[in-house]
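For reference, the chain that follows is the form predicted alone, supplied as structure tokens.
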Amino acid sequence: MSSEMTLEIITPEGIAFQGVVDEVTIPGTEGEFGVLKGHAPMLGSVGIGTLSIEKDRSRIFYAVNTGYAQVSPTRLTLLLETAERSDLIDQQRAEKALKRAEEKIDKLSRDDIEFAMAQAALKRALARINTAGKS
């Protein structure tokens, strides 16, 4: 068994991260889960939230938006809609997106198809705000 775990984060824009890591904490759709080297093979779904990567005794954070995780004992591949590193998040833009989503939710009924889309936009904005500046 290899003594390393390789992480690859792939989005439609390309590879957001690739490298050897010690631990990854993922916001799953059914709750947060962690992956270490030697983890049993599994497939999981990723929700909206903050992804945490431990590498060389420091942490790297990403705001992520839905996707899938494929885990093997030596490799973790995340296929995500978006992944934005914490130090690259525009806090003001995220706060404006949050305000827009809140205003839209206030105007819509729960039965409106746009209500669910506005809720998802709200969750994405909150994830970006909560992740911004983490190091």
Partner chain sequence: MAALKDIKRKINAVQKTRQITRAMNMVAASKFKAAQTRMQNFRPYAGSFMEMLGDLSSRVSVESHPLLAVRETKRIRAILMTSDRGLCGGFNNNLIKVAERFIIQKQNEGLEVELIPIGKKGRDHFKKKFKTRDARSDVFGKIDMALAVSIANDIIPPFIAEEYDELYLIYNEFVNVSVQKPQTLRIFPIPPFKQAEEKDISNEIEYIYEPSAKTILENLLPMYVHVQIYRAIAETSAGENGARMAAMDNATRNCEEMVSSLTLKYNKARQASITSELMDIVGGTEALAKS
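Owing to the predicted nature of the structure, the values given are computational and were not obtained by experimental measurement. Numbering follows the first chain given and starts at 1.
Keep in mind that the form predicted in complex with the partner chain is not shown, yet the notes after this line are about it.
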item: Option touching the partner chain, based on a heavy atom within 4.5 Å in the predicted bound form, out of Val71, Ile89, Leu98, Ala83; value: Val71
item: Candidate site Ile10, Glu30 and Met42: all three near the partner chain in the predicted bound form by heavy atom within 4.5 Å; value: yes
item: Contact of Ile15 with the partner chain in the predicted bound form (heavy atom, 4.5 Å); value: yes
item: Contact label in the predicted bound form: Leu36 to the partner chain, heavy atom within 4.5 Å; value: no
